[in-house]
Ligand code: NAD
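Shown here is one chain on its own, the form predicted on its own, set out as structure tokens.
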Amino acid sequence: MLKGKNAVVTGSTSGIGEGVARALAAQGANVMLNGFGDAAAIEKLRAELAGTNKVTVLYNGADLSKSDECEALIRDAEKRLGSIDILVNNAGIQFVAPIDEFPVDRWNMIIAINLSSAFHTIRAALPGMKKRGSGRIINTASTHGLVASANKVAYIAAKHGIVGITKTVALETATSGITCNAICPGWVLTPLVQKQIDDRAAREGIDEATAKSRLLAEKQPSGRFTKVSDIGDLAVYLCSDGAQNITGAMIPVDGGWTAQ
């Protein structure tokens, strides 16, 4: 479906971003990976995606907390892939604390990576998309871009900001052949969520299975985690011709969380 398309996926060395990169590559897209992690593991992932899918897969380790590196990522992808047809802003970090105890450096870092990086990459990628008259921008928001929870002020502020960016870009590009949408996952069993499960188990003196069950019961009526591959499949659809008139949409994948 996406043969010959070129994609940049931020935060794609693990979790949701890796799942999206896998799904895009499986449909024939060339992919620029980005993210932190063990160099050998990242190279193994890069080589696997390239070899299995017979596509070009590259890696750029840009630190998305820095605006100049965000732009450098886009320029590198344009140079090495030839163009950017798909931009997926997925990079994100988390920290949990009440607002009056929330470290200022954690606030600044979360806003930089979870929110500002999307502004910088979109700003840099849009001119090329406009020139070609086509493009797909997908931002990973969250149910926390639509509703709030306690003790996650920076994450929730950033994800609400991603929703606002998505709507604004969609309006500004509505007649250009470019779409901009946000995927809003609920609980997906990623390393980020696993850490919250582990912390809860330790805090409450319960086992991992019980911690998972309680986490889901509080928010996600389906009682099960969304799979990373579910997010990847949705991203593929949003990049397809069938989604050419879907823009400015916030699409929950949350087991009924935001239906409550």
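Because the structure is a prediction, the values reported are computed rather than measured. Sequential numbering from 1, following the sequence displayed.
The same protein also exists as the form predicted together with the ligand; that form is not shown, yet it is the one meant from here on.
Enquirer: Is it the case in the model of the complex that 92, 159 and 190 each bring at least one heavy atom within 4.5 Å of the ligand?
Expert: Every residue of the spot touches the ligand in the model of the complex.
Enquirer: So, in the model of the complex, is residue 65 in contact with the ligand at a 4.5 angstroms heavy atom limit?
Expert: Contact check for residue 65: yes, within 4.5 Å of the ligand in the model of the complex.
Enquirer: Mark residue 113 yes when one of its heavy atoms lies within 4.5 Å of a heavy atom of the ligand in the model of the complex, and no otherwise.
Expert: It does: once the ligand is placed as it appears in the model of the complex, residue 113 has a heavy atom within 4.5 Å of it.
Enquirer: Is residue 240 close enough to touch the ligand in the model of the complex, meaning at least one heavy atom pair within 4.5 Å?
Expert: Residue 240: no, not in contact with the ligand in the model of the complex.
Enquirer: Would residue 135 count as a contact of the ligand in the model of the complex, using a 4.5 angstroms cut-off between non-hydrogen atoms?
Expert: Contact with the ligand, no.
Enquirer: Among 120-128, 97-105, 167-175, 180-188, mark the stretch whose residues have heavy atoms within 4.5 Å of the ligand in the model of the complex.
Expert: Only one stretch passes the 4.5 Å heavy-atom test: 180-188.
Enquirer: Using a 4.5 Å heavy atom cutoff, which residues in 32-50 contact the ligand in the model of the complex? It's fine if the answer is none.
Expert: Those in contact are 34, 35, 36.
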